[in-house]
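The form predicted alone is given below as one chain in structure tokens.
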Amino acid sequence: MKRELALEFVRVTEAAALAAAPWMGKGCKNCADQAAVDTMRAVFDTIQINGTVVIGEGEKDEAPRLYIGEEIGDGSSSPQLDIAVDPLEGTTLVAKGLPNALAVLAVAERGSFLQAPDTYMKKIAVGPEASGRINLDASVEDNLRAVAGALNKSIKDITVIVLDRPRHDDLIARIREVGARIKLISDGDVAGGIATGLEEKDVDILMGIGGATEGVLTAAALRCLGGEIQARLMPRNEADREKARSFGITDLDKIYYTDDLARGNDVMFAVTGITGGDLLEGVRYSVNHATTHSLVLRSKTGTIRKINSRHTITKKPDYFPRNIFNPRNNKYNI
């Protein structure tokens, strides 16, 4: 991929974030999600790629835009790319005005991303210093000791990020018994997975069960950051197992490693904050301007770019949701 595409992809996540952010705290998660999806899809049509959505908003009969298998881009013959997107990672976070909502996308050569069903996945993820030291089938205690050794830390100084769910009660109890610190998050484990790969974020390991599609996005980011994720599908019921089979997945005991989830020689990853959190600041407004904060990662070069942008909302293209922003009085209509 041409390196110039990295800036094009961050334009996509910025637009989705700008569209979703005005819904913060309004209690309508579907409104925020729809705004992000519609705007992200429109910006993709301005980019010179031939992309196919492999992680998106669901099957064609479940989503009118950014559905799995949808062709996006301006129709150029090259490059042909896999597209994995979550226009709004954390719909509930936006609806409730909580931190860590993101607009996310990952892009790689055709055939690079696992086409994961919409089910659960058991995951463990770490940054580059602890890569190669974890084992999904090892005990909680053994994994924490291994990470502590890799980071040259006392186990009591290790920070574990875990989704705050009843299904994790035993996991949380075992982490506390070992003496490690815990950071509980209400939603959005993509942010937690990325944070393990960024030294300044003081998160050492992600553990627990979350969404499978989010696992692929996390793998794409960690490919760029030099970290590692291991995962196994955890179907909730027979319908989930049937969906996995429809995706060509027959071995539900298989452990997926980083390169199984996101392979290829050149992976690009872009993420923009919607509500401020541990990973990124959220969208901020002043009169008719807005600022966004993004990360752009590339596996081929190992480059990490932090991009802060100032947007003049009244000059946005027609695809920007005008039902949200009224340029006549510089006010948001929600």
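Note that this is a predicted model, so its numbers are computed, not measured. Sequential numbering from 1, following the sequence displayed.
One more form of this protein, predicted in complex with a small molecule, exists but is not displayed; see below.
The candidate site formed by E129, L151 and E228 is entirely out of contact with the small molecule in the predicted bound form, as no residue has a non-hydrogen atom within 4.5 angstroms of it. Using a 4.5 angstroms threshold between heavy atoms, V190 counts as touching the small molecule in the predicted bound form. Interface membership of G90, defined by any non-hydrogen atom within 4.5 Å of the small molecule in the predicted bound form, is confirmed. With a 4.5 Å cutoff on heavy atoms, R241 does not count as touching the small molecule in the predicted bound form; it lies far away. Contact check for R167: a heavy atom falls within 4.5 Å of the small molecule in the predicted bound form. In plain terms, the part of the chain that comes close to the small molecule in the predicted bound form, with a heavy atom within 4.5 Å, is 181 to 189 out of 194 to 202, 133 to 141, 181 to 189, 249 to 257. The contact residue chosen from L98, L114, L163, A146 relative to the small molecule in the predicted bound form is L163, the criterion being a non-hydrogen atom within 4.5 angstroms.
Proximity to the small molecule in the predicted bound form, taken as a non-hydrogen atom within 4.5 angstroms, holds for one residue of G211, P79, G73, G264, which is G211.
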